[in-house]
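Single chain ahead, by itself, as structure tokens, in the form predicted on its own.
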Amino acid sequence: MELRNFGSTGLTMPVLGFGCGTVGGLMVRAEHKEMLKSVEYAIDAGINYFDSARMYGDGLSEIHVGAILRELGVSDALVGTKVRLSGSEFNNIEATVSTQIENSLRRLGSETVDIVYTHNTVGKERKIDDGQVSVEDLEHVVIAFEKAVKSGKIRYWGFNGLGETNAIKSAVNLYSPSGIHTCYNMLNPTSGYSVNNTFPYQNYHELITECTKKGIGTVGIRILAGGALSGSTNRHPLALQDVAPIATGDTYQEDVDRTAAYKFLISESFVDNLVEASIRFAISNTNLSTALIGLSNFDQFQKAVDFANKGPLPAEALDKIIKLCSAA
């Protein structure tokens, strides 16, 4: 598996990262043997980054990730997790963040974690009911993060790059995180490519490119648009059955319907299926440090690894995808 630098941290990450969230559900709801088999296969394939959060399965994802890595005797894996503010926690941000880091470490069964991100969206103004932090709120988060770095509880910290585009970029410029999560897929590639003003969804205005120039690592999320880029509404029993789109259509069905426009990738023999296209599209952007894939079982994960090992899409295919988005 190809490795890439994660910003200026000195860390290297595989182009395909192991997403441990609830959309796929593998590290939250699967049987132990299925999780164990998948993590072991990932390590053998060179995938050593596991992206979790306390919100995934109310802590189950962190518990499972930590326990299985210990069971396999893996001590050099890179693990990321997240903190998220809600309700009255906005009244004492620094203490909340510190407590959540402590709790995550306890669930992971570790004394330190490689990187902790915020999980809230970012906006110009605080919106507690929507779970949105303001750019100013992040100052208090960063203070807590830096204290955790000094005490050895975390190595690096980063932000969730979802929310209002201008606010996200302001936060990046003000605080210089080590890494950032960003929505990036064939339906919305704007974090990595320039599109015209007719593009129908949120425009992230090349956030990946800007972060790379600043030495900030980038983590691509929703590379399958929550599964919609499979081209099917069928969901695995372990997967989240109701998926809210991020920066694409109003509904999951709308996203699935839009995938019909990308079937030329199959008919013109660039790929065998749309999942392959989506994975290879994400890793084609050399500015993206790692692309997270969230799956429901071992077979899906094995196929994802095979697709990633095929490498980037041809330049001709990439050009057609971006032109298609620009014409939307």
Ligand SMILES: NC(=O)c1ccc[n+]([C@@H]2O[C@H](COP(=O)([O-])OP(=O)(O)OC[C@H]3O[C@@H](n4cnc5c(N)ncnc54)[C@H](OP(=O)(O)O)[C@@H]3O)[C@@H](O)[C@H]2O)c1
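Note that the structure is a prediction, hence the values are computed from the model and not measured. The first residue of the shown sequence is 1; numbering continues from there.
Here the subject shifts to the form predicted together with the ligand, a form of this protein not shown in this document.
Novice: Does the 4.5 Å heavy atom contact test between residue 20 and the ligand in the predicted complex come out positive?
Specialist: Taking the distances in the predicted complex, the answer for residue 20 is yes, it comes within 4.5 Å of the ligand.
Novice: Residue 42: heavy atom within 4.5 Å of the ligand in the predicted complex?
Specialist: Residue 42 lies outside the contact set for the ligand.
Novice: Residue 135: heavy atom within 4.5 Å of the ligand in the predicted complex?
Specialist: No, residue 135 is distant from the partner.
Novice: So in the predicted complex, is the ligand close enough to residue 230 to count as touching (4.5 Å, heavy atoms)?
Specialist: Yes, residue 230 sits close enough to the ligand in the predicted complex that at least one of its heavy atoms falls within 4.5 Å.
Novice: Counting only heavy atoms and a 4.5 Å cut-off, does the ligand in the predicted complex sit next to every one of 162, 181 and 226?
Specialist: Looking in the predicted complex, the three residues 162, 181 and 226 all sit within 4.5 Å of the ligand (heavy atoms).
Novice: Using a 4.5 Å cut on heavy atoms, which of 107, 258, 235, 140 is close to the ligand in the predicted complex?
Specialist: Partner contact (heavy atom, 4.5 Å) among the options: 235.
Novice: With the ligand left out of view, choose which of 252, 193, 156, 201 has a non-hydrogen atom within 4.5 angstroms of it in the predicted complex.
Specialist: So the residue touching the ligand in the predicted complex, by this definition, is 252.
Novice: Want to guess which of 86 to 94, 214 to 222, 168 to 176, 193 to 201 is within 4.5 Å of the ligand in the predicted complex, heavy atoms only?
Specialist: Going through the listed ranges, the match is 214 to 222.
Novice: Taking the ligand in the predicted complex, which residues of 200 to 219 have any heavy atom within 4.5 Å of it?
Specialist: Heavy-atom contacts to the ligand in the predicted complex: nothing from 200 to 219.
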